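The chain below stands alone and is given in structure tokens; this is the form predicted alone.
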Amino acid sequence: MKASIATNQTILVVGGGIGGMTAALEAAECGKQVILVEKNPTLGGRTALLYRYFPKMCHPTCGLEINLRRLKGNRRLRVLTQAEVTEVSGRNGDYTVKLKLSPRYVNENCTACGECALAVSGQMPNPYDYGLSQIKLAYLPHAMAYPQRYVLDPAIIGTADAEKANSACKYGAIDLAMKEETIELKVGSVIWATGWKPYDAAKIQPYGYDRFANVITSVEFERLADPHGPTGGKLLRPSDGAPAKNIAFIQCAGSRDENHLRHCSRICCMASLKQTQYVREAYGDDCKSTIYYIDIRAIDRFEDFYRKVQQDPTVGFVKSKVARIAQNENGSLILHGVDTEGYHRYATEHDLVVLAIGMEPEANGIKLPDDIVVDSSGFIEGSKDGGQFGAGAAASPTDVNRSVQSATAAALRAIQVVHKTAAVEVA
């Protein structure tokens, strides 16, 4: 067991997405020592995988680039990637945390030149494209990855490809002897910013996600629209590569449903409204987007964006919860249901169907400390002793803007905890 330099005046932030980065930066810039841990090889979370934000339609590089610059310049903030919390013990102001560090097989000498990736032939589904593309077993996660270092997937170890990658590196950055490590930290407060994951669309049987190639999720569509994504930004049908010009967006796919997720995921309506504009940008007036909805939840400043999309002649709205999806012989999809405005049945054909998939807390797959309190959906409310906090999408379904606000609030609460601890020790 290795001990890391940390004290009960240190704040631990678990999760390196936009919420975790914000919480860590706010606490560090207030003068606190912060350790930010992320289980993946890079920071940025799901925000880094977006093509654009709503409602301004700007690219995520806007916010992430600024945060990365702040992070690199702050000596009070230490980042550990490929690190998972395995145990939290102790109490408010005095926690002991065990972390498991998985090997990257690439050290700090890496210049991100890419020679290792060119040398290997083995591939795997690209997790940063939700498996829609293939990536080499030696890879840089994405263009904005931090740290800007390549990763060797564990599957490469012991193969000829591992030796090829090692031989190709001119800087001594490949370390095939790296092993899993466990370290122990002493911290005063813990912020859980573990984010969210898309609900498993295959569980929504009437929509045929696991049967029909041309039924995809909203997060997959986001990658299709991105010029750095699997199709170079072209909106193509997965089944045959044909242009998808007539697209259905189904709202509340897994949300607000007692059989799936009881809660409203809050971002889905705005995400689909945004994605209709990707279709317009790709095809101009020669396209059709149809949003099938129960109701549109666009509040505050998002109402103006909703009104703008409503005025777009290429976008239609059908007030209906789609009952089922069938596929015809050419791979197109037939949506069946009842339009509740007029109460008439429909059977409408589309090239592609996009499921506005619900948000599930990533913490549902994590063994949290016994002291943590979660709501009925698994979102983190905090700890009984008042020393641990949920932040961002780990605390509730939320968009990027509100995630940042939530993370800032969590940082302030964590700072209060370590301040009180320091005051008690002085007394």
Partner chain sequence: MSEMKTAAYICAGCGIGDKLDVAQMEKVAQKEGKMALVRRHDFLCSPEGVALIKGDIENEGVSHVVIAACSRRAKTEAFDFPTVAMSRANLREGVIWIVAEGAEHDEVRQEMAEDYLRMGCAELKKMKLPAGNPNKADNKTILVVGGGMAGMTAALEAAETGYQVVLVEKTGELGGWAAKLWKRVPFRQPYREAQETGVAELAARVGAHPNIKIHLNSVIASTSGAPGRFNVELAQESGATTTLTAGAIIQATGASNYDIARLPELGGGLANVVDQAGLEALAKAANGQPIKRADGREVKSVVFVQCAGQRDEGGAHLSYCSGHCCATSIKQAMYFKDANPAVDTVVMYTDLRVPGMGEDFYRSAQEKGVIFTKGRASGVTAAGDVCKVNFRDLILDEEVSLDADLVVLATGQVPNSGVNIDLADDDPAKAQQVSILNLNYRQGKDLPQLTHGLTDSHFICFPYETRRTGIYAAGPVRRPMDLLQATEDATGAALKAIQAVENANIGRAAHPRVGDLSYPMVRLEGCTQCKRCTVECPFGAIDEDERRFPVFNESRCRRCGTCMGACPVRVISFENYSVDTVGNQIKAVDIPDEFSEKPRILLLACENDAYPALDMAGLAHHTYSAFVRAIPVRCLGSVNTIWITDALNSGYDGVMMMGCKHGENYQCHFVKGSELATYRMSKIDDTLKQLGLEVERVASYEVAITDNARVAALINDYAAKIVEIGMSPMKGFG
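Residue numbers count along the first chain shown, from 1. All values reported here derive from a predicted model rather than from experimental measurement.
The same protein also has a form predicted in complex with the partner chain, omitted here; what follows describes it.
The single contact residue among Pro125, Pro154, Gly241, Pro227, judged by any heavy atom lying within 4.5 Å of the partner chain in the predicted complex, is Pro227. Among heavy atoms of Lys234, none comes within 4.5 Å of the partner chain in the predicted complex.
Although the partner is absent here, Glu381 is a contact residue: one of its heavy atoms lies within 4.5 angstroms of the partner chain in the predicted complex.
Within this chain, Pro397 lines the site of the partner chain in the predicted complex, having a heavy atom no more than 4.5 Å away. Heavy atoms of Gly63 reach within 4.5 Å of the partner chain in the predicted complex, making it an interface residue. Contact with the partner chain in the predicted complex, defined as any heavy atom within 4.5 Å, is confined among 155-163, 90-98, 276-284, 333-341 to 333-341. Scanning 239-267 for heavy atoms within 4.5 Å of the partner chain in the predicted complex gives Arg256, Glu258, Arg262, His263, Cys264, Arg266 in sequence order.
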